[in-house]
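Shown below, as structure tokens, is a lone chain in the form predicted on its own; questions about how it binds or moves come after it.
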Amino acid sequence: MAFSKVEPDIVMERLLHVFRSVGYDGASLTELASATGLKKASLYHRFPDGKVGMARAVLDHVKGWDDSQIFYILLSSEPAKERLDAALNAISVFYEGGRLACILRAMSHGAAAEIFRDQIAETFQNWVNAFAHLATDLGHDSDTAQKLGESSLVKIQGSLILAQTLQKPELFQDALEAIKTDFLK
């Protein structure tokens, strides 16, 4: 049997879109196949663990983005203010200025909560640690840096939820500005 040829990055982006939009529980195999342009058999060929495998691959894909676009930047040796600006800009682009939901939120409730809890917790902790590292580089003491790392994630996640629910993406942009202000105090 010949399998459809759809580039792996395109498959990941399309799977990400579905999971981000309807969550793990809401994503049917029919919807995932349709979104990717692949038949169910082709999806199972690429992801033998089915929907769980697809979701894990999407979370790994997002981790790769986090590593290269957030953590690498925040942990680099570039000037701290430039790192903060670059990371916040990358976050804004990834979430289309607050118009897109967070995949980690979408995968952290329902049946997915237990399946992906450790993977999501690790990602969240990496965000906190990277932002705390940056806060230290900006001259904050370790306790304040830890609180800034945590509050940055709370502001990002909370504002994404509000921006989506209230259809006000400017709330997300305001939160990114508040993070910048907090870090540069």
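Note that the structure is a prediction, hence the values are computed from the model and not measured. Numbering starts at 1 and runs along the sequence shown.
Keep in mind the form predicted together with the DNA is missing from the figure; the text below concerns it.
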| item | value |
| --- | --- |
| Contact test in the predicted bound form: Y44 vs the DNA, heavy atoms, 4.5 Å | yes |
| Contact flag, L29 vs the DNA in the predicted bound form, heavy atom cut 4.5 Å | yes |
| 4.5 angstroms heavy atom contact with the DNA in the predicted bound form for K51 | yes |
| Exercise: L38 in contact with the DNA in the predicted bound form, heavy atom 4.5 Å | yes |
| Per-stretch contact check against the DNA in the predicted bound form, the hit in 30 to 38, 143 to 151, 127 to 135, 113 to 121 (non-hydrogen atom, 4.5 angstroms) | 30 to 38 |
| Residues within stretch 93 to 131 having a non-hydrogen atom within 4.5 Å of the DNA in the predicted bound form | none |
